[in-house]
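Shown next as structure tokens: one chain only, the form predicted alone.
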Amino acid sequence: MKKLRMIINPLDKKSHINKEIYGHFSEHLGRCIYNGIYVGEDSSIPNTDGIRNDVIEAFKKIGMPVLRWPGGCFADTYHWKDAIGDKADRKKMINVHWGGVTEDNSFGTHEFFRLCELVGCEPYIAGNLGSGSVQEMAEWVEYMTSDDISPMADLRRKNGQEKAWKLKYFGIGNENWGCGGNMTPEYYSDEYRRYQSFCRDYSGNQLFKIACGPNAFDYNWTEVIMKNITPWHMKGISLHFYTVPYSNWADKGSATVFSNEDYYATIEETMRMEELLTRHSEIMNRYDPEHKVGLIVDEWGCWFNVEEGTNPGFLYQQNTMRDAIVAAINLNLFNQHSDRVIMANLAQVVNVLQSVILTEGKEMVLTPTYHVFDLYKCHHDSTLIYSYTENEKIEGKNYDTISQSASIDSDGKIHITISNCSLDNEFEIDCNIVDTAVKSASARIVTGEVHNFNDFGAAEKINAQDHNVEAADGRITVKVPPCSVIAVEVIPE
């Protein structure tokens, strides 16, 4: 077993880690909303206003801070007035992006805000710039947030919601470089400025307006947006990047059947997030040195082939320890770049892509990724602190084996999260915590054989367990097994 040194300096405080970095994304796609989150009031599955109780409690346990809705590509074909009022009178439509199935609009604005209320998270709504009008978007903002006497506020009251909701995060378009209109950044910039002008602040509500940012490595898109849209008109810019082995979108490989080579290709690809965060931030820094605009990674995660026998348009995939390692690496990177990254939303929350929850009828499964989010909630609204780890490269690869980040919370507790992406090597990490007498330390671990996953009707193979950590004289020592994620909590004297 190799020994590695780590240094943590709690005196060297860096950026605030927004809890919204641990956000999630829900789209009208496959079984994310229907038969995932929402089963309807008449369902035999225990629910509150049609929303599954077990899902609500699972979201609350990981402290879900923010939830993005209704898309995704779906957002730029979504017309909000189709999904308000009596459900029997709501318009039905075909979900042209995802599976060609009928969307009955039984889950709309009121149901989404009810979900966020039950979970205790901030709503993040993506507005329709692609196929919608300025008036439609402006009226939606008014409907949701105005307590004045106005047609839209009166319509909301008529539909049973007397008081306006509080809405902070509002995205003006989604993937407008692609499914949201195939626009150039110059054209989108002009459209953004026009649309946002009519998204007003009502009744004390203040919108945090988010512009559509780049697709992965499109640095020109970021350059143009930052040049053409001032911080006065936007508070955030989005970034989308999916981890696909070998960057092979034609055949993304199986979520559960993969070789060691496939595994390491996945890790190598997800490590490219570091380059993306660094280079997009550098562009933003030139135009916004005061960091008035936040970088929001509102779609990220693994994307594999769908499970055999499922609708290709539903993007349903299982979730193994490989996904858990990918999640840990990305969350550590977001923490380390929290001077610019203010939110991130894993795609997607239930039954789609790298979800934290899978459902099948009355059954619910918590995925390995869910348990990583449970470990990492210790970083919510903490302060990033200096950390350094001696490291090793994976043989034949140009990336580090150990991923880590560290923070200190308002009570003075120090939190260290560590992942080991090696499938073979165990390490012992000897950590020196500068100028700190350690009163106690504890740790939890998520680990298992890399192909293991949690499934319906089977014992949960992957979950979080207590893990041994030794503490003495300002040092802690922890063993990090292969393919593992660990969270250490240190309580100073």
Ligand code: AHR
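Computed from a predicted structure; not experimentally measured. Residues carry their position along the shown sequence, with the first being 1.
Below, we refer to the form predicted together with the ligand, which is not included among the displayed structures.
Interface membership of residue 208, defined by any non-hydrogen atom within 4.5 Å of the ligand in the predicted bound form, is ruled out. The ligand in the predicted bound form comes within 4.5 Å of no heavy atom belonging to residue 431. Shown alone here, residue 301 lies farther than 4.5 Å from the ligand in the predicted bound form, counting heavy atoms only.
Not displayed here, the ligand is approached by residue 353 to within 4.5 Å at the level of heavy atoms in the predicted bound form.
For the residues 165, 80, 314, 242, the 4.5 Å heavy atom test against the ligand in the predicted bound form is passed only by 242.
The partner is absent here, but in the predicted bound form a heavy atom of 98, alone among 195, 170, 202, 98, sits within 4.5 Å of the ligand. Annotation: in the predicted bound form, residues 320, 420 and 485 none come within 4.5 Å of the ligand through any heavy atom. Here the chain stands by itself, but in the predicted bound form one stretch of 109 to 117, 251 to 259, 68 to 76, 268 to 276, 68 to 76, has heavy atoms within 4.5 Å of the ligand. In the predicted bound form, not one residue of 109 to 127 has a heavy atom within 4.5 Å of the ligand.
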